[in-house]
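Shown next as structure tokens: one chain only, the form predicted alone.
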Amino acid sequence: MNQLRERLAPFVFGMLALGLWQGSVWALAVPSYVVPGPIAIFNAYLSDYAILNPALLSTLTVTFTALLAATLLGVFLAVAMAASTLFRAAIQPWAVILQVTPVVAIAPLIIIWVNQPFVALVVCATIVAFFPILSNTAAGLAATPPELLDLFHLNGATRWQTLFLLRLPAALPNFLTGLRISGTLALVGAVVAEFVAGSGGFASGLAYRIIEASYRLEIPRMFAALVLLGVSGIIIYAALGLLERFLLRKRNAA
């Protein structure tokens, strides 16, 4: 019963919040071009879904491509850092610098340097998304139980055998945690890059539709695009959470 209540609590809270929002808009007679109510937002989506859905697909394409690139890059760098302390010393400071640099500041340069708009958007989103995978995977590789390392050494395992047969499987929970974080960050990076590209006239993704709607004062459509982004982020986070539980359950069963 308690688990059912916990699962229903976000839904009930959301419905109450939407009801309060809609009631406040009606009671205060707030114009839709200032703050639209949930009903106006839903009607705007029904009217403009032919525009918003392809834009959502474009944003999600950039997001998942960037997530794949961030996963490959993050795992590769983490393994290389675990295999070589010299490589770790050389790469880790630059990875931190790249992570703390606001992508909105370097996105215009990337869009200028990379002549392909889609590739430029993916690069921007990858920069935002790769660090949690890198840091979490590296932490998992470094946290391998020392008694298991000693056991592998006693049995004559090579450094690469220890890495692939022991350290990488032991780092799986950390990697999955980083992947879950990076999934939503990839979406954020894609939207930020689309905002910058949209300001320059490149029409792609929901971020461009938000800019377009704000210029035209089509506020309900802008809110509809924001809702699509929010729902997409929740779905991505939940799906990666399910993947995490499935893989960990399968590993523990084995």
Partner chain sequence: MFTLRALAKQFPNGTRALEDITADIQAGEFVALLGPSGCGKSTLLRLLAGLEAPSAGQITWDAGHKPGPGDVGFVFQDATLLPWATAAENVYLPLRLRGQSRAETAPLIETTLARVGLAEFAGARPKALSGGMKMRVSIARALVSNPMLLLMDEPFAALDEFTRHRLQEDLHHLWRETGKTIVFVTHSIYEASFLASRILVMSPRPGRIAADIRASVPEGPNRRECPEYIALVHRITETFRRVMPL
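Numbering follows the first chain given and starts at 1. Quick caveat: nothing in here was measured; it's all calculated off a predicted structure.
Form predicted together with the partner chain: not shown, discussed below.
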| item | value |
| --- | --- |
| Residue contact check: Leu166 to the partner chain in the predicted bound form, 4.5 Å heavy atom | yes |
| Any non-hydrogen atom of Ile91 within 4.5 angstroms of the partner chain in the predicted bound form | no |
| Contact flag, Gln161 vs the partner chain in the predicted bound form, heavy atom cut 4.5 Å | yes |
| Contact label in the predicted bound form: Leu148 to the partner chain, heavy atom within 4.5 Å | yes |
| Ile106, Ala170, Leu98, Val114 - the one with a heavy atom within 4.5 Å of the partner chain in the predicted bound form | Ala170 |
| Option touching the partner chain, based on a heavy atom within 4.5 Å in the predicted bound form, out of Ile110, Ala157, Val119, Ala80 | Ala157 |
| Per-stretch contact check against the partner chain in the predicted bound form, the hit in 148-156, 120-128, 134-142, 81-89 (non-hydrogen atom, 4.5 angstroms) | 148-156 |
